[in-house]
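Heads up, what comes next is one protein chain in two forms, each shown on its own as structure tokens, labelled structure 1 and structure 2.
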Structure 1
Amino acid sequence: MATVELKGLGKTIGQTPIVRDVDLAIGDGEMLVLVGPSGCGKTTLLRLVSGLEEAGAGEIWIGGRRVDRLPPARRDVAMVFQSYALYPHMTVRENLAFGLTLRKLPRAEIDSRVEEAAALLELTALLSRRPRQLSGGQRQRVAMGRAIVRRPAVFLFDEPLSNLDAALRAQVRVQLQQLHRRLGTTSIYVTHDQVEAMTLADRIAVLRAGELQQVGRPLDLYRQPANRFVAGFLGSPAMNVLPATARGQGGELRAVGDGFALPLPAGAVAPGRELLLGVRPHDLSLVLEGGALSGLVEAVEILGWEAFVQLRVGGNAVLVRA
């Protein structure tokens, strides 16, 4: 079993808390994706699990074994970094084999593991090349292969696709999905990319200032965010948030705000209550007249397959997909 359990995990640098009392359980074979704004503690949390940084509080358990007091080499984890960190003077084969050679595994086993990883990542034809002869996507696959040959209990990914261009990111993301399905290794993946999070994750954990805000399946977080931060952070483009007040009028309940009055389900909230209405741009559509909101078009972004229209509704900015 390669479950990962974080119990009351904390890390403070100076007087600044970086990770705050994190309790999190990752199931055997699960892909958990950590998301949050820059500086929220995502990478620090990953480094705490790997042992590259020491926790100030709490416990880390991997496969039922407490590891927070163990050095990185004894935790049975493999980390793939944002930078490829390949040895430039070594061939792809030598880069893949290097960690296994240090562990003094038999040559036949090293060769077998390298060939297996190379076939899995479509690197077989590149084994004799050096990193400077590879594209960015190929280098990242070699970095992943170096982790795979170790056959760890847990993979840790620290924004591994952020140095790739958009087309390569999409290609390698699909390969990562396929790789996870085939290997079934427990994985913790840090990213700031919304698409990566939604497409790769079995579950997503949202961090803010070192604190967990919500953990759940991607669509659950998208459809039922726990708070305004999660609602605004998850989803691209971001959710529209409109301040309003619940008012009863003629037996009907309405959400009344600056430039709009929308019906609410009977009994949904007490009249006089202050509200925040969250509406995804993809759940709105444009009509020339007679719509629920009325606004002035301020800008249009045409993406080819869709467009996003920025409206001014009273004092509120509202984004609509068209």
Structure 2
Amino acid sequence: MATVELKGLGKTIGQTPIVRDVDLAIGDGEMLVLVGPSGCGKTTLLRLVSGLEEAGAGEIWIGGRRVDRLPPARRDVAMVFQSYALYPHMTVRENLAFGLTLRKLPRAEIDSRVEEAAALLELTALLSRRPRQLSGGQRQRVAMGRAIVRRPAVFLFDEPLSNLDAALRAQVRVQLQQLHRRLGTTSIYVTHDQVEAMTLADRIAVLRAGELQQVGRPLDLYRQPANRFVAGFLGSPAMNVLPATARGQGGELRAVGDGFALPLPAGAVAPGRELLLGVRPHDLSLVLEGGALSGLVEAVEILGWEAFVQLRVGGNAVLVRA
């Protein structure tokens, strides 16, 4: 029921532009993951959508309604904060019910929604505790519960897993995925963790210094990054990037660089162009002789389930999955 559309959204604090001219359409029920390095403006963008921050330019539409002049309360969004922001003076039950009491829902309705959310998130036994009596994971679930009970048009998540340890994070990630499938609520999910991005997203939007770099399905972004930044940001270890020049050699187009010459699809670029060749370590494999690239082994990283070898090819270091 709720789509989110951002049109030419911008925000400047002081003289510094924090978010620049963002156009983005999120479909109903879609989970859009917003990724980017720390400080690139993800939180700010989310706060613009929630109404905590006033947009400097552009429009925000939620469910076909223009909301950018409305206070947060009237935008019908729920947000899960990085620090959870649970009300310390309220019990878990009161935390969950707070938004509903403010909206003056009938008592019975509130109770049933709270019970339901609590059951869903395994919080039932904790309902009468205060936030300070909860573990990190429990707090995180309360924060999510607080969003769920509201049944808003849009969920906004700001790095909700970043305060959990690695094992817990993986576990909650899966739960989140199931939750989203079950509730089907339009969501914007901010993270700097690409695993979360790849696993949770219907689509990923990559932000850099306040500007949108590319939006698309995870694999599309993985396979067809629009620029070097996106290419380098997604995938681990990062993609190998080799400078080269397109040359026609004996009717074939080749990318010629320092110590290699690789074939290019015919007509892909005009001969003589400077190129950046991106190759993921996983798309290369090691052979003893006759490979497309050849070089000396510089280092070997063995992780157990896989291993990487770093080769020196001319002046470049190239990482290869062994």
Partner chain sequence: MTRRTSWPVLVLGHAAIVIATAATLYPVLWVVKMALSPGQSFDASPSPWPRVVSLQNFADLWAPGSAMGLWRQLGNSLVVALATAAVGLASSATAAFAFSRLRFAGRQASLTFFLATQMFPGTMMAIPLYILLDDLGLLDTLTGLVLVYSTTAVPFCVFSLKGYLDTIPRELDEAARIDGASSWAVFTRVVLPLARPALAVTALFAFLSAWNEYILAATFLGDARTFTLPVALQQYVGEYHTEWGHFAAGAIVVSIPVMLLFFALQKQLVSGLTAGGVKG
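By rigid core we mean the largest C-alpha set that fits within 1.5 Å across both forms. Keep in mind it's a predicted model, so treat the numbers as computed, not measured. Residue numbering: structure 1 sequence, from 1.
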{"property": "Panel number for the form predicted together with its partner chain", "result": "2"}
{"property": "Motion between structure 1 and structure 2 between rigid parts - which of Asp202, Met90, Pro152, Gly235 is the hinge", "result": "Gly235"}
{"property": "Angle, in °, that the smaller rigid part sweeps relative to the larger one between structure 1 and structure 2", "result": "11"}
{"property": "Core-fitted comparison between structure 1 and structure 2 - CA shift at Thr245, Å", "result": "2.5"}
